[in-house]
Each structure stands twice: as structure tokens, then as C-alpha cells.
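Each of two forms of one protein chain follows alone as C-alpha cells, named structure 1 and structure 2.
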Structure 1
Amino acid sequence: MDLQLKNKRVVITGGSRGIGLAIAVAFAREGALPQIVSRSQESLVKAAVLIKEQTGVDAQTLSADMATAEGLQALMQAAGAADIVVNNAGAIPGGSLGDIDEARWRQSWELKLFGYINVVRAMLERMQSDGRAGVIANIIGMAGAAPRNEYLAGSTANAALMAFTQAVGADSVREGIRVFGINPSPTRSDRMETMLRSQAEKKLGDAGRWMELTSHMPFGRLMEPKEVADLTVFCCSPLSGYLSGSVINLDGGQMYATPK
């Protein structure tokens, strides 16, 4: 199937690792031109080498902190003419109300909540003024639809991002621009392993037993980053031309599963 993404310029925040890197690889496989953004130049270089090895495509890299105004400015300068933007950089810590003080809570929202909102605002304005029928995908998270007290700051930010994406994406279509979201459930990544280790420490008294916490998941495993990436690329392609203002729950049905 030709996804009609050849030579499309795609910005992926948090594209140096985990889900973001898988998304960059999946776009490059379709002949698109990824530009990956994260803070560490070293990780970006490693990611670009991997993308080249796996797809033959030279990814561009941008080192920027997307929790800051300077980071946004750098992104708009380097990649403001993108056809597709994937908001993915996020690092909200796990824990319930007593575990996360106000400073940490606000600091994590600078990236995952306000960072996304600011990128959407700036990119939408740019796409509108350039008359470009662009696409913006927000990688949000299932905790927005199925909140969990043990991931409270993340659940709350994700719920806000779902409402934001639905409202903005319902209106952006007037300008021919699509904005939608994807809610992955727990997906294999460094960040998820760290979170599961800390939950295993609390629940089982041993961080090393974190894999046991994945056995109740759909298919008895974490989701693979590639599974999020393939859906994201398809949804960004013109083959999904009527998708906007929606957030897709990608959770193997876990939200509705009967607890065992």
C-alpha cells in the first residue's frame, strides 16, 4: 500500500528514543524525511545512524528542550515548514498525589502539556499562513481515557490533551489541517521500564520483578513501539484524510477488560 508520504517533511519531538524513534523509522520507511528533536545531541546522532542503517534515509536532527520557549523557537526556525508534526516528547513521572510535589508536577507539565499546546499553536499558525494542508499528531496516552491514581500527573495531563486535541482538531479542518491524537497503553521503552521497576518495588518489594507486571496486559505483553509507530504513520498519511478531532485508544481493549 502506498501511503503517499514520499518526501513529506515530518518533525517528531522526542524522536531519539522509544516511541518517537520508532515513528521516525516508520516514516523513513515510507520515503518521508524525518527531523528528530530531543535534548541530547549524542542520542540524536545515534538515532540518525540507526534510521540510516534501517531505511537508508538521512534524518535531520535538532537539539532543543521542548519544555522551553527557546526550544519552541529553535523548532520553528529549523522545521517550521513541516508537512507533518508529531508531538511525542514527554516525561511525566509516575506516582499519586503525595508522591509528586507541586514543583515537579508543574515542571513535567511544561513539556507534556504546555509543550504540546505551544507546538500546536505555533505550527497551526504557520500552516495556516503558508496555506499548507498539514497534519499534527499528538501522542498522548491511555491514562487520559482510563485515569490511574498511580500515574496521576500523567493521567490528568493526558485528559487535558485529549480535550485540547478534540476541540482544536474539530476546528482546524476548516483550514484543511488535521489534528488528532493517539493514546498508547504501556509500551516497551526506557521510560516504561523505569516506571514498572518503581511499581514492582512498591507492589512486589523487588524492582527486578517488573516483567511480572506485564503478564495481565493484552496479549500478555507490553505494546511494541513499532505498533504505535505504524498506526501513527497510517493516520498521518492522506489515506486517513478524514481523521481529525479524534483520539484513538490503542490499548488492546485493556480499558474494557474484565479484571481477573
Structure 2
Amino acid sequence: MDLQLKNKRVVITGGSRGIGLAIAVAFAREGALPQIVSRSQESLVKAAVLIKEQTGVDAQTLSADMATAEGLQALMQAAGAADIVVNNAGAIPGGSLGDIDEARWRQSWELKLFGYINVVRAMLERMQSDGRAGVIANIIGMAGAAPRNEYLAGSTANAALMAFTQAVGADSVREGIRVFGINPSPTRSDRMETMLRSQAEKKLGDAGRWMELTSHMPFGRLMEPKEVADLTVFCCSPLSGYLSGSVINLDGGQMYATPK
């Protein structure tokens, strides 16, 4: 299937590993030109090599901190006339209200919440001024739709981003620009494995048994980054041209499943 993405310029924040890197690879396979953004130059170099090896495409890289005004300015200078923007940067720590102090709460929101908002604001204004029909995708997270007290800061930020995406995406279509979101459920990554190993050590007395903690999940496993990437790329393509103002829950139905 031709997704009609050849030579489209795609900016992906948090694009050097995990879901972001999988999204960059998926776009490159469709003939798009990814530009990956990360705070780590070392991670960017490794990611660019992997994208080249797997797709033959030379990805552009940008080392920038999207939690800062300087990082946003660097992104806007490097992005140019981007056709597609994917917000994916950010990791909010787990914990209940008493576990995370105000400083840590605000620090994590600067990247995941305000970072997304600032990128959308800036890129939307540029697309509108250029008169281009662009696409902005926000990779958010299922905790916004199914909040958990043990992930309170993340649940609250994700819920805010869902509302933001729905409201902005409902209006941006007036200018021919689509804005939508995707809520991935827990996805396989180094960070997720580290967290599950810690939980397995506490619950099972053996960090090596961390896979047992995923047996209750849909299909008995974590979601793969590629599964998030494939949906993202399809939704960003012209084949999903009527999609805007929506946030898609990608959780295998887990939110509605009866607990075992």
C-alpha cells in the first residue's frame, strides 16, 4: 500500500530510541525524510546509523532539549517547512501524590506537557502562515484515559494533552491542518524493562522474572514500538485525511477488560 509519504519532511521529538525511533524508521521505509530530535547527541548518532542500515535513508538529527525555549528555537530553525511533526519527547516519573514533590512534578511537565504544547503552537502557526496542509501527531499515553494514582503526574499531564489535542485538532482543520493523538499502552523499551525488573524484584524476589508481570496484558505481552509506529505513520498519511481532533487508544482493549 502506498501511503503517499515519499519525500515528506517529518520531525520527530524523542526520536533517538524507543517509540520515537520506531516511528522514524517506519516513515523512512515509506520514503519520507525523518529529522529526529533528542537531548543526547550520542543517541542521535546511533539512531541515524540504524535508520540508514534498515531503510537506506539519511535521517537528519538535532540535539535539543524540548523543555527549554532554546530547544524550541533550535527546532524551529532546523525544521524548516516540515510537513509532519510527531511529539514524542518526555518521561514522567511514577508515584502517587506523596511520592513526587512539586519541583519534580513541574520539571517533568516542562518536557512532556508544556513541551508538546509549545511545539504544537509554534509549528501550527508556521504551517498556517505558509498555507500548508500539515499534520501534527501527539504520542500521549493511556494513563490520560485510564488514570492511576500510582502514576499521578503522568496521568494528569496525559489527560491535559488529550483535551488539548482534541480542542486544537477540532479547529486546525479550518486551515487544512490535522492534529491528532495516540495513547499507547505499556510498550517494550529499556525504560519499561528497568521498571518491570524493579517491580519483579519487589513482588517476586527475582528481577529476572519481569516478563511474568506482563502476562495479564492483552495478547499476554507488552506492545512493541513498531506497533505504535505503524499506526502513527498511517494516521499521518493522506489515507487518513479526515482524522483530526481525535485521540486513539492503542491498548488492545485493556481499559475495558475485566481484571483477572
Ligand SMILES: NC(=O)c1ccc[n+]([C@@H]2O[C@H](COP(=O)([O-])OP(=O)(O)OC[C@H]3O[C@@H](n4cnc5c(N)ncnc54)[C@H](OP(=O)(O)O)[C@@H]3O)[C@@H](O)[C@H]2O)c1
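Think of the rigid core as the biggest set of C-alphas that the two forms share within 1.5 Å after superposition. These numbers come from a predicted model, not from an experiment. Residue indices: 1-based, along structure 1.
Novice: Please match the form predicted in complex with this ligand to structure 1 or structure 2.
Specialist: Answer 1, the form predicted in complex with this ligand.
Novice: Could you tell me whether the Cα atom of Gly208 shifts by at least 2 Å between structures 1 and 2 after core superposition?
Specialist: Yes: Gly208 shifts by at least 2 Å between structures 1 and 2.
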